[in-house]
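Next up: a single chain in structure tokens, the form predicted on its own.
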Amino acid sequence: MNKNYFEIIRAGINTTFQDLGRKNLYHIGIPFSGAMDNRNYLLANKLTGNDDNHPVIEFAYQGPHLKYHGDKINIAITGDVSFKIKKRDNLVDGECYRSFILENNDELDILSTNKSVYGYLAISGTFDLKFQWSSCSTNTKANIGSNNGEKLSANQKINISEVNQNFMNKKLNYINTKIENIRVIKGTNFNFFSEKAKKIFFENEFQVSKLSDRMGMRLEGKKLENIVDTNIRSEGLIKGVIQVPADGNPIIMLSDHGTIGGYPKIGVVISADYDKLVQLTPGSVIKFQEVDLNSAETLFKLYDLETQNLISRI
């Protein structure tokens, strides 16, 4: 038996293994998947001394309660998360964006995310995982990836094949900020919608519904009128594209989205806003703002530069 492992006391909600995802498989119906919030994923790995594409544990709303067995190991949690570490009879309040050492029989209880959805747990070691198409990312809708394509469950063991001797105390002063507007470029079927619908799309607020997960985010608000056809011949989709079915309520495609779809596309969320988009909880309000392609590219470069600057400070 592997001497270094986590015992899962409580699995939490939608707890999976994720990395940067799998590329160039859209032609066989396989999306990228990967960590929903790319910035927080990268920061978690940097805090534990890992490379950029190292597998981590992603959780939503409530994280897992884990008991550690083995040699001491460094861990870090990113996002807006409340957690505690139990060391013998002492209970330590956790702090995001800071590394902590776990020793044999220590417990890590990830209680909840705070007004956000996703958090990340990285370790100074390597989870013993099976890779599929060069990625460990779990897509539970398609049963693809590590853990047989399933969420983690109570009483399961998470084996660690290697523990790195990286015990430097690392910390980053960083606060997750909310975003006022979600910026989009026009979709390929933008002109399927009435002038009134276009005005509603850019001037009215939409609410994130409870029907949201890693595959897509359903919105509620004033209906968007389609004046051409509520269905089109199925064609390729990308992460962030906004489809509008016949009921007039937009659906934003997220990391585990289907690779083709037959609903008209009114817009696409720009890559610079995606990390903050996925952290919006049900009931949150979204307002869309139009930008052109050149602006979207510039905004992504700036967001990526900001992410790299944060990484360099660790």
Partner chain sequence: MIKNISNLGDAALYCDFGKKVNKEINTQVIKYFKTIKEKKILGINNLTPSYNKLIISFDLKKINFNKLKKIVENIEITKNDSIQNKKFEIPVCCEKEFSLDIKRLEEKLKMKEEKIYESFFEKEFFCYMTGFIAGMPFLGDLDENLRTKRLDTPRVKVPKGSIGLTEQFANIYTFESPGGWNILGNTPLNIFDSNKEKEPNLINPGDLVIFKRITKDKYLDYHE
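Numbering follows the first chain given and starts at 1. Keep in mind that this is a model prediction, so the values were computed, not measured.
Keep in mind the form predicted together with the partner chain is missing from the figure; the text below concerns it.
Residues placing heavy atoms within 4.5 Å of the partner chain in the predicted bound form fall in a single listed stretch, namely 269 to 277, out of 65 to 73, 269 to 277, 282 to 290, 43 to 51.
Just one of Ser194, Gln132, Thr126, Gln207 comes within 4.5 Å of the partner chain in the predicted bound form, counting any heavy atom, and that one is Gln132. Think of it this way: in the predicted bound form, the partner chain has a heavy atom of just one of Ala142, Ile85, Val163, Ile101 within 4.5 Å, and the residue is Ala142.
With a 4.5 Å cutoff on heavy atoms, Ile9 does not count as touching the partner chain in the predicted bound form; it lies far away. Within 4.5 Å of some heavy atom of the partner chain in the predicted bound form lies at least one heavy atom of Tyr26.
At a distance threshold of 4.5 angstroms between non-hydrogen atoms, Gly258 is in contact with the partner chain in the predicted bound form. Although the partner is absent here, Thr188 sits close enough that one of its heavy atoms falls within 4.5 Å of the partner chain in the predicted bound form.
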